[in-house]
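Shown below, as C-alpha cells, is a lone chain in the form predicted on its own; questions about how it binds or moves come after it.
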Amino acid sequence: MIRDYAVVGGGIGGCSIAALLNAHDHDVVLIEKEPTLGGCASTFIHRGNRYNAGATTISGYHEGGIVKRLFDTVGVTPNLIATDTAITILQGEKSCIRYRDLNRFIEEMQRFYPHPKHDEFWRLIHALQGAFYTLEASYSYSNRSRLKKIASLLSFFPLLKTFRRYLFSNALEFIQDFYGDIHESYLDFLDAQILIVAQATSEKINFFTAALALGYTFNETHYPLGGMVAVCESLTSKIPDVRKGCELLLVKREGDLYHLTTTQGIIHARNLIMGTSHYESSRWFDDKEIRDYYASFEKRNNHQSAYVLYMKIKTDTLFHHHYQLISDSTLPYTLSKSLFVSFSDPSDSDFASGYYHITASIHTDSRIWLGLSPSRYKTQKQELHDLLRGWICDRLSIQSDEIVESFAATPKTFRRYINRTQLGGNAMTLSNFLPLLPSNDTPISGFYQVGDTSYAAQGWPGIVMGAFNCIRLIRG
C-alpha cells in the first residue's frame, strides 16, 4: 500500500499538519517514536505521576486565533481552561501580574515599575500583535525554487508596508529610545518575557518580533486539562492511522517514493513530511541531496535547549498556573536570568487531585551538557536541580516537607526521548530572519518540514502558522 503522505514526529507540528491533511481528505499516516504524542510538548508519567515535559500553556486559541482556526478546521474541540492571569512575575521583592486586559495591565505596570511612557508603549505592543494576526493568511513562504521564493516573499509586502518601522529597528535600541530613562531591572523584565516566545533577547531581534513576544498574553491563554498530550490526542483523533511507539529507523528515496523503515514495518509514501528538527534529522537518510539540504541550515543551529525541573507537592496553598522568577544574573549552566514555573490545575484529575505537579524550565546550551564525564554530568545536573528547587521554594513559600518528589531533565535527557537536543526552534534574530530560514517546502520533490525549526517557528501559534503555510504550499 502506498500512502499519499507520511508524517514523522507527533509533536505540535506533526500533529497539526497530519490533522490538516486528513481534514482535506488526503491519505496520511502519522508516526511517533514515543508511546504518547506531543514531542517537546508531550506529557509523561514518572513513578505513577503525570508531568508536562516542556510546554504547559496554549496561546492562539481565541476567536480569530490561528490555533482555534486549526481545531475548527479539523472539527474537534480541545479540553481547555481559559486563564487570566497569564503569568505572575516575581523579580527581587517586586511582583507583577500579566493581565489580559490592557488597561488593568498598564495599571499593574505603573505599580511595578512606574514610568510615564508605559501607557504609550504597551498600547503600541497591543496594537502590533493584534494587527499582525489579521494579515497572517495573506502571505506564504516557499523554498521550493528561487522563483517560488521570490514570489512568496512578495506576498509579505503588506506586512513590510504596515510594520516596516518596527521590522528594521533593533528591539533594545528602540526600547531605550522610546523610554529614554529606563532601569536595567525593567530591561531584564522585558527580556524575560521576550525570551519565552522569541527565543532571543532584545539586543538580538527587531522590535516587531519583540512586540509579538511581549504582546502574546493580551490574547487568551489556556491551560490544557489532562496535559499537552490530551490536546495532541484530540487534534489527531480523526486521523485513521496514528502509530505511536513507532520509531523511524531509515528513509530511502527511490524515484517518486519514500520508503520508511520503522519498528512497525515499512511504510511507502509519495510525500514525506518531517516534524523533526532540521539539525538532528539527517541521521535517518542515506540520500545525499536530503543530507546536503539539512547541512545547509546547520549554521542556523544555536544549540539552545532547556533544563527542566519537575516537582510534585502537597499543599493547601493556592497557586496561579504560571510564574516567572527573574534573577539579577544569569544562573550557572544556563543562558538565562529567568525561570518559567508552571503548576497543574487543582481541578485536573489527571494530575492527581490534592497535589500540584510543577514543570519549571530555563534556557541552556546543549553543549554545556553533552560530552561530560558521567560523574561530572551527574554533579552538574544535581547542582542546578538543587539551586532551582531552592529558588522556587523560597520565592513561592513552598516548605520542604510539602515536596513529594523532584527530578530534572537536561538536553541529554531530551535527546534520549525525542531525538533532539536543540529545543525552542530558530531564534528570530536580526541575522537569522527571512529569507534565510527554512520553509515548510524544500527543493526536493515531495519532501516537506514542519515544526519549530521551520517557518514560522516558536510556540503553538508559530508552529501552527507553519502547518497552514505547508498545507497552502501542498494544495497550491
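Numbers for residues come from their place in the sequence shown, where the first is 1. Quick caveat, the model's predicted, so the values are computed rather than measured.
In what follows, reference is made to the form predicted together with a small molecule, a form of this protein that is not presented.
From the list 229, 306, 80, 194, which entry has a heavy atom within 4.5 Å of the small molecule in the model of the complex?
Spelling it out, the residue with a heavy atom inside the cut-off is 306.
Quick check on this chain: which one of 247, 383, 254, 241 has a heavy atom within 4.5 Å of the small molecule in the model of the complex?
Looking at 247, 383, 254, 241 one by one, just 247 meets the 4.5 Å heavy-atom criterion.
Using a 4.5 Å heavy atom cut-off, state whether residue 56 contacts the small molecule in the model of the complex.
Taking the distances in the model of the complex, the answer for residue 56 is yes, it comes within 4.5 Å of the small molecule.
Does any heavy atom of residue 41 come within 4.5 Å of a heavy atom of the small molecule in the model of the complex?
Because a heavy atom of residue 41 falls inside 4.5 Å of the small molecule in the model of the complex, the answer is yes.
Is residue 32 part of the interface with the small molecule in the model of the complex - any heavy atom within 4.5 Å?
Yes, residue 32 is a contact residue.
Does residue 466 make contact with the small molecule in the model of the complex, using a 4.5 Å heavy atom cut-off?
No.
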